[in-house]
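What follows is a single chain, given as structure tokens, in the form predicted on its own.
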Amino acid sequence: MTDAEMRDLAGKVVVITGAGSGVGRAVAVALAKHGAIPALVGRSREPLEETANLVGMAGGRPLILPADVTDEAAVTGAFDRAAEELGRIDAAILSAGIGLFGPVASYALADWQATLATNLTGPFLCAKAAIPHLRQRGGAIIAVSSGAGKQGYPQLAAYSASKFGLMGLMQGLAGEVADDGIKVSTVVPGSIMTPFGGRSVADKRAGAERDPGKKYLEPEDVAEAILFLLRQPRHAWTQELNLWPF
């Protein structure tokens, strides 16, 4: 692809995990506004249909692909179907994630396993499924990590472990697929105004009003960072983009 083709998102097919809410939904809508074709991946159809309606209102034509990112067969099937029905895949945005917080001393093994399965194994499976399609023409794999993937915090040990692991996964993958023309990047955002980690958006907004020092990014802020990465010239690559609320 030429630099102009990379910068122009019109017609590009982008698979987005976690597309039923939050950052994934914001990315899908933002891409639709630029003429890209979002392929929406998530565990439940109903939230994906809600995102699809928003994408349609933005002028897009989405493809809904219900799949659990921890299920290898489902993930492979979703990427294969996207390529088959839409003709190709140009990028994969890995934004699915869960936050099950609590102290290590009483943290349930099931919660630990679920956190790593979604936040670390999921991106591994999705990247693995995307690579054969991206190798055909180059493209991008972009994962959404967290500030907790660079520093551990109390009550977030499992979440931090999964995000630290994600950072390492993406760094290792970048070197493996560079010769195939695939750019691998990680967005590292601070706190985002989404219903994540058991707190509603209303609760977060109320907390921010009480404490002016507590700031949040909007999901659309992260989406714009991802679009920036997708629109870079072919010769330019950002391995890690740190994005903090200001």
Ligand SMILES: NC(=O)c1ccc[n+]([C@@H]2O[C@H](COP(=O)([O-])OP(=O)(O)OC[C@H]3O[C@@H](n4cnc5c(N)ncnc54)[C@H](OP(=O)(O)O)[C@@H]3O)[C@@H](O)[C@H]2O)c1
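Each residue number is its position in the shown sequence, starting from 1. Note that the structure is predicted; figures quoted are calculated from it, not measured.
The discussion below concerns the form predicted in complex with the ligand, not included here.
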Between the ligand and 130, 185 and 232, in the predicted complex, does every residue show a non-hydrogen atom at 4.5 Å or closer? no
Report the stretch among 205-213, 175-183, 53-61, 40-48 that approaches the ligand in the predicted complex to within 4.5 Å, counting heavy atoms only. 40-48
Which residue, 74, 98, 120, 86, has a heavy atom that falls within 4.5 Å of the ligand in the predicted complex? 98
Contact of residue 144 with the ligand in the predicted complex (heavy atom, 4.5 Å): yes
Proximity of residue 35 to the ligand in the predicted complex, heavy atoms at 4.5 Å: no
Taking the shortest heavy atom distance, is residue 30 within 4.5 Å of the ligand in the predicted complex? no
Taking any heavy atom pair closer than or equal to 4.5 Å as contact, tell me whether residue 68 reaches the ligand in the predicted complex. yes
Where, within 160-195, is there a heavy atom within 4.5 Å of the ligand in the predicted complex? Residue list please. 163, 189, 190, 191, 192, 194, 195
